[in-house]
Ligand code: GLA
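For reference, the chain that follows is the form predicted alone, supplied as structure tokens.
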């Protein structure tokens, strides 16, 4: 089964944009293995827009840019596969891609066959330059069927930015992950706004088809194709914690060949990844909210474990918030005779069994996350 759990990998767009080539892709494949990302679960290496020539060939086929990919895309795919990774590429539902290259509108079946012949395992499918007379749902359905007819298992990543409320229909047409928002950029405001916008849709995601709030910007620090000033280490921690809590695809966007130790350690955090990849694939629910800045989530995991996650989105520097979460509100009243044995997800500190309530402190732009085991007391 494709996408039994949230897909994990790396995509070229956030850092490199149009500045891609086979050397970069091969070096990134090497880094994904040598630096531990593949072992941690990041298995897809995806080339985004700007990889092709500006015209199709005489047979109507897409052609890789001869200067960027002189050995052809099959050779790149073979190299990626030789590292134990899976290979992903990009196209678009419109008549041209977002950067103006040939796209797949009315070419769905021939393009799907081309991708299959090259050894593609993942297709990101964008929504730029879509004809006004076109039908969004039918075009994504057509590419879904074309991929299934290609003879190769190809994960379908639909990127229509939330047009026509895709959380209501993408699962039904065979998509494995779908973009629910506009593009992310490397700023705290961007990932915060995306996260808050998707709270009502968290339950529209699960095994086989996942809501995709866009790629990670962890470790970019304002550099690259979507740099908007960058984030602090604390903000990147909040960003990654949100995506893992939500149980969504984890597609890295930084230059993983050169990430610093702080960013690398965050992206390889086993506890956070285990939450994202929990086998039950249950979405969290909003258990408490104070104003527009303070959010308390609970997520049910397998094996009678739970995540308690607290986020302080206040922009007031130094503004520490003391959460007052009653366990009554999450189904564990004091009279039940049960409590939660809590462990700090980030530090591993054992906090013992908590009953009735729990009051963590969270700094502005920060978060606290705890795993809880349901125990009788």
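A quick note: this is a predicted structure, and the numbers were derived from the prediction, not measured. Residue numbers count along the first chain shown, from 1.
Note that the form predicted together with the ligand isn't included here; everything after this is about it.
Participant: If you check 252, 154, 159, 143 against the ligand in the predicted bound form, which one has a heavy atom within 4.5 Å?
Facilitator: The residue from 252, 154, 159, 143 that makes the contact is 159.
Participant: Scan 298, 241, 98, 248 and let me know which has any heavy atom within 4.5 Å of the ligand in the predicted bound form.
Facilitator: Result of the distance check: 98.
Participant: Within 4.5 angstroms, counting heavy atoms, which one of the listed stretches 326-334, 305-313, 24-32, 48-56 is next to the ligand in the predicted bound form?
Facilitator: Stretch with heavy atoms near the partner: 48-56.
Participant: Can you tell me if residue 122 lies within 4.5 angstroms of the ligand in the predicted bound form, counting non-hydrogen atoms only?
Facilitator: No - in the predicted bound form, heavy atoms of residue 122 and the ligand never come within 4.5 Å of each other.
Participant: Residue-level contact is defined here as any heavy atom of the residue lying within 4.5 Å of the ligand in the predicted bound form; does residue 10 satisfy this criterion?
Facilitator: No, no contact at 4.5 Å.
Participant: Any of the heavy atoms of residue 183 lying within 4.5 Å of the ligand in the predicted bound form?
Facilitator: Yes - in the predicted bound form, heavy atoms of residue 183 and the ligand come within 4.5 Å of each other.
Participant: Hey, in the predicted bound form, does residue 126 get a heavy atom within 4.5 angstroms of the ligand?
Facilitator: Contact check for residue 126: yes, within 4.5 Å of the ligand in the predicted bound form.
Participant: So which bits of 77-96 sit within 4.5 Å of the ligand in the predicted bound form, heavy atoms only?
Facilitator: Heavy-atom contacts to the ligand in the predicted bound form: only 90.
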